[in-house]
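The chain below stands alone, shown as structure tokens; this is the form predicted alone.
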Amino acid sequence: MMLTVDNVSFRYKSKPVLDSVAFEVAAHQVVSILGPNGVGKTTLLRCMNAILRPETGSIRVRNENILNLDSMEIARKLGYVAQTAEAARTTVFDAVLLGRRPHMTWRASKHDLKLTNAAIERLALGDLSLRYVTELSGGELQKVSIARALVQEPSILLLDEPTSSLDLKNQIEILKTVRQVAATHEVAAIMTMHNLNMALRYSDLFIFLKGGRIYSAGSPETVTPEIIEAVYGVPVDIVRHRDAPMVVPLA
């Protein structure tokens, strides 16, 4: 397996957030972690990237426990895109190039520059490459963050609400890019999502969190109205439109 999360628990001071979470992800899979606000989705991503240290359990990438690695070693294995990106006084090109830092020595190589240019073009940022990131919209800044994570060449791509600040066209472009990267590289992508319909359209595996535990996990065929109602507290129907599943709230 590309990623194994085994018996991970976490608490903020005395408040339990995650309780014995365990799952596996294979190469080329796109995974959506789903659930209402406050259920621990972002906390789980941060534990998987060792930003937060789990109280119990392990996170293994290609059978290597990342909790035993230093930050640079982790950055070679996992690329993390936070829900909100901080803007600095640097150009888009330089901001993306920073993603190569775990692989660079004293200066950027031709390979580093080639990967940076490719990621910028893939995210349709070519016209903005010499703009300062402080001049970008929220959606553009999010695309820069994703491009920076891609040039890390990670085995695991972690994305916290990657479409939250994007319009419909850019949401589709980002999720198509994530799927393409997972399909054409030895990469697995794991996203937290609120948009159930986008998740159903672009993901292979769904992990529903409830009460800090995994309530349900499985392929698109396993997602039922009963699971969604149990997790979100809202009755829904799942219908198909042009062979794509859609969640329709009934209340």
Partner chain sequence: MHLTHTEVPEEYRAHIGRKTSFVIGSLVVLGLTLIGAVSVGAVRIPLPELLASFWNQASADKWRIIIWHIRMPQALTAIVSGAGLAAAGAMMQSILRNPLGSPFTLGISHAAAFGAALCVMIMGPGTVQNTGSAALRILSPYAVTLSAFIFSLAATFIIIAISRVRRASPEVLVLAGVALGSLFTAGTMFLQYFADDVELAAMVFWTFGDVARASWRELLIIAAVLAVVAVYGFYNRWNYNAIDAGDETARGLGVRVERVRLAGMLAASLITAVVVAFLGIIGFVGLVCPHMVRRLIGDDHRFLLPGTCIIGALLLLAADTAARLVLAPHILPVSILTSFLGAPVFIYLIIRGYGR
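Computed from a predicted model, the values in this text were never measured in an experiment. Between two forms, the rigid core is defined as the largest C-alpha subset superposing within 1.5 Å. Numbering follows the first chain given and starts at 1.
One more form of this protein, predicted in complex with its partner chain, exists but is not displayed; see below.
Taking the partner from elsewhere, E221 is found to have every heavy atom lying beyond 4.5 Å of its partner chain in the predicted bound form. Not displayed here, its partner chain is kept clear of H28 by more than 4.5 Å at the level of heavy atoms in the predicted bound form. Mapping the unseen interface onto this chain, P102 counts among the residues with a heavy atom inside 4.5 Å of its partner chain in the predicted bound form. Using a 4.5 angstroms limit between non-hydrogen atoms, L125 is distant from its partner chain in the predicted bound form. Annotated contacts: F208, Y232 and V236 are all free of its partner chain in the predicted bound form [non-hydrogen atom within 4.5 angstroms]. Comparing 33-41, 193-201, 208-216, 64-72 against its partner chain in the predicted bound form, the single stretch with non-hydrogen atoms within 4.5 angstroms of it is 64-72. Residues of 36-60 lying near its partner chain in the predicted bound form, listed in sequence order, are R46, N49, I51, the criterion being any heavy atom within 4.5 Å. Once you line up the core between the shown form and the other one, the Cα of I74 stays within less than 2 Å of where it was.
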